[in-house]
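Next come structure tokens for two forms of one protein chain, structure 1 first, structure 2 second.
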Structure 1
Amino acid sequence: MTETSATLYQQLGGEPAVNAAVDIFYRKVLADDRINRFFENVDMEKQAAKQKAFLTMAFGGPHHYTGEDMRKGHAHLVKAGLDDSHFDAVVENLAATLAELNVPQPLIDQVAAIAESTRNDVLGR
């Protein structure tokens, strides 16, 4: 398989890489005072499992995501004040996580573009 035909999921390192990234990502998010309030009273084990399934699907891996669509799943957070600054903080934490895992910048850019494509739905616009 050539690098160009490999999915982003495969290029990132598959399931072990997504699992490691999500675990590090949520440690960063929960330590980030800009956004951690949105995760109070959230079962983080369940949240991490949903995020792993979603990212696997979004990056072209096996599709096992059964969560709500982005708009519906984040509506309660929008009511609680979720806005562009919070979305930016999440993307920033995701990029920092991938950089920490030595993911090449072009792949980080692809991940950021996928995240960016969900902005309006996440923010209910």
Structure 2
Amino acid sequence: MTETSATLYQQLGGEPAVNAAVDIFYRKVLADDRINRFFENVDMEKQAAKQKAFLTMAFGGPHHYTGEDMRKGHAHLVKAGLDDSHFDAVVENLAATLAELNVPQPLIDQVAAIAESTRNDVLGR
């Protein structure tokens, strides 16, 4: 984790910010017909914790995921057809969530950049 990303997490408001964002974000994802099929069979309770992990990571917060974890964690989805278009949709939902929470655009851009940095791992390339 770099200095700037640690600061980003604090600037965004840390854990309470993640809590505020998780329901909004996940509701957008489940309502998005481009990607919701990937979430069809996951248990919602467990998924809530995973969404928190996802957001914490994208917010530059503390996490213990490696690129390898991201590869493994999404490999079954890649097999099911996960591609760039789905990745873009997730990033779009993420940005829309932050906009809804009145996060300033420069911070949204930094979050999008962190998400972007995981693209090849998530898509298994």
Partner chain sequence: MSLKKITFNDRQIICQEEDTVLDALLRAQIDIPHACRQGVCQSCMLRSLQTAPPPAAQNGLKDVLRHQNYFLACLCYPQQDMSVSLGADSGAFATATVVGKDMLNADTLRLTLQCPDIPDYYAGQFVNLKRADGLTRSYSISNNRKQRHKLEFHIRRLAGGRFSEWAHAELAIGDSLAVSAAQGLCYYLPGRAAQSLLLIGSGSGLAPLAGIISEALDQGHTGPIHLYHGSRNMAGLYWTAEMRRLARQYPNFHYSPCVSGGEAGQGVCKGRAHELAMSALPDLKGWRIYLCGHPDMVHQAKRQAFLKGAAFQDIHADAFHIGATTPA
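Between two forms, the rigid core is defined as the largest C-alpha subset superposing within 1.5 Å. Structure 1's sequence is the ruler for residue numbers, which start at 1. Keep in mind that this is a model prediction, so the values were computed, not measured.
Engineer: Assuming the other structure does not fit, state which one is the form predicted on its own.
Structural biologist: If we ask which form is the one predicted on its own, the answer is structure 1.
Engineer: Pro62: with the rigid core matched between structure 1 and structure 2, does its Cα shift 2 Å or more?
Structural biologist: Pro62: C-alpha displaced by 2 Å or more between structure 1 and structure 2.
Engineer: Is the shift of Ala53 between structure 1 and structure 2 large enough to count as movement, that is, does its C-alpha move by 2 Å or more after the core is superposed?
Structural biologist: Comparing forms between structure 1 and structure 2, the Ala53 CA shifts at least 2 Å.
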